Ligand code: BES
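Just the one chain here, the form predicted alone, laid out as structure tokens.
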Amino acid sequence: MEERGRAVITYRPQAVFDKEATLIFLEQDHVLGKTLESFPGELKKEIEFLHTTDQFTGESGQVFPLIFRKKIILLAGLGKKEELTLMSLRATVRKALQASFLKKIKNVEMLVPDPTDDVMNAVLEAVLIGNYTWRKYRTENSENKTVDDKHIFLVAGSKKVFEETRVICEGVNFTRDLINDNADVITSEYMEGAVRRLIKDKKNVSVEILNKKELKAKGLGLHLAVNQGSKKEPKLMIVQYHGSSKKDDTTALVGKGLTFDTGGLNLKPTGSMETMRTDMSGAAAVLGVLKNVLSLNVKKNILFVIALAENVIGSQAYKPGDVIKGYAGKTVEVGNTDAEGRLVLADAISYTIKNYKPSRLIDIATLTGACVVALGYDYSGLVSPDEQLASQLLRSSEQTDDRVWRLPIYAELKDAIKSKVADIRNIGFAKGAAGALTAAEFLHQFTENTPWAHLDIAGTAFVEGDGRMYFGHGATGAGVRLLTHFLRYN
């Protein structure tokens, strides 16, 4: 994958108004506040005139262009101060930077009122995450220029925390690039190459890679079954990062990596298959977190587990009704070949726990459409029987706006995935009932006594259409900010 461009960000202590454009964010009812005190007198008078004549009031989403000293001044409204949130700030900054007035501008100075650390971090996320666009396959011309091509001059002091936010945003966008690209580009072989490039020359990192031969020899039958219709190589990759003493706890992150999912012989219909290159979003998120951990030099011991397969149709594809034995020794009845991600994850979880003995384990996957039905597109599902682990993830969610909502898990769910011909079944017998929960319970059966949490990002991993919140069309990098924060502070 080609290295993507990125917006260049420079910090300056005060506004100079020396660039091609200056973007000024002002709060409704505070348009004439402290922000204007350091402005040149003639510019201040222009803004005061616009405000007193109600041409610019600072309402949320309002933009108003001025020409000052032969340069563009773009005023952008933030709305009422008491109603302003970090999420709405991100959305407003994104919208303003995409205004037609700035389309062909290379250098943009940017001012926001009250530039606290939280505010500036949100602004950085709006610039770097909110204005991300996937354009690898678009013919380049002046109409395709984006914020990636701009140099942003932020009026704020440079701080370590801002640099850390930039690093984390790059990890998010690295994940998005992996998810957005063609399935025949982002294969298991490509993902292995991406891992090796990330860990190259890192002395505190080791990697184990199981290909088809090793998976078969070690008995990861569930993983192999899902992939057996494909000519592409299945892989299980475990990156072991030693950021702390060997005596300290180790956290395992396990990502579902279905590089394409047709549904297998339970073939998905038109309208449900077109974006199934995104079914490796969990694995891509784990890689994005790995990138962040390496860049931030996180002082923790972490396992990054990436389980890769391709679920396609063909004469060799596994079949509904098959009974397959997995690494843990349990036999699984295949009720539906489109419930394949939990099979791959089950073997990955079992192998990781037995061979690496992590202190806690979190899996992340685009697992169920049922989670989308339950929570929509703005919250990932969180399932965990461990109160401490769940609480820590919820706190990280609140801190990062990488949103999760906790769903229940309870003893009776085990009955829903019982099989009459095997130890367990990969779908519940009650069709359509609690699909996100029965999928999580299936994974739970392979966690032994290890503290475990499951993140279902089926709804949050990808945006279709014109976008939502502060994301444009395409992958969002769901889970990367959340898990990076979790690992750093828990």
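Nothing here was measured: the structure is a model prediction, and the numbers come from that model. The numbering used is simple: start at 1 and walk along the sequence shown.
Another form exists, predicted in complex with this ligand; not displayed. Remarks below refer to it.
- Only one of 403-411, 217-225, 339-347, 101-109 places residue heavy atoms within 4.5 angstroms of this ligand in the model of the complex, namely 339-347.
- Interface residue among G193, G376, P115, G369, judged by heavy atoms within 4.5 Å of this ligand in the model of the complex: G369.
- For the options L26, L437, L455, A458, the one in contact with this ligand in the model of the complex, meaning a heavy atom within 4.5 Å, is A458.
- Contact with this ligand in the model of the complex holds for none of I209, K235 and D363, as no heavy atom of theirs lies within 4.5 Å.
- Of the heavy atoms in I72, none are within 4.5 Å of this ligand in the model of the complex.
- The closest heavy atom approach of M276 to this ligand in the model of the complex falls within 4.5 Å.
- Taking the partner from the other structure, this ligand in the model of the complex has a heavy atom within 4.5 Å of a heavy atom of D261.
- None of the heavy atoms of I424 is located within 4.5 Å of this ligand in the model of the complex.
- Contacts of stretch 238-256 with this ligand in the model of the complex, defined by any heavy atom lying within 4.5 Å, are made by K256 alone.
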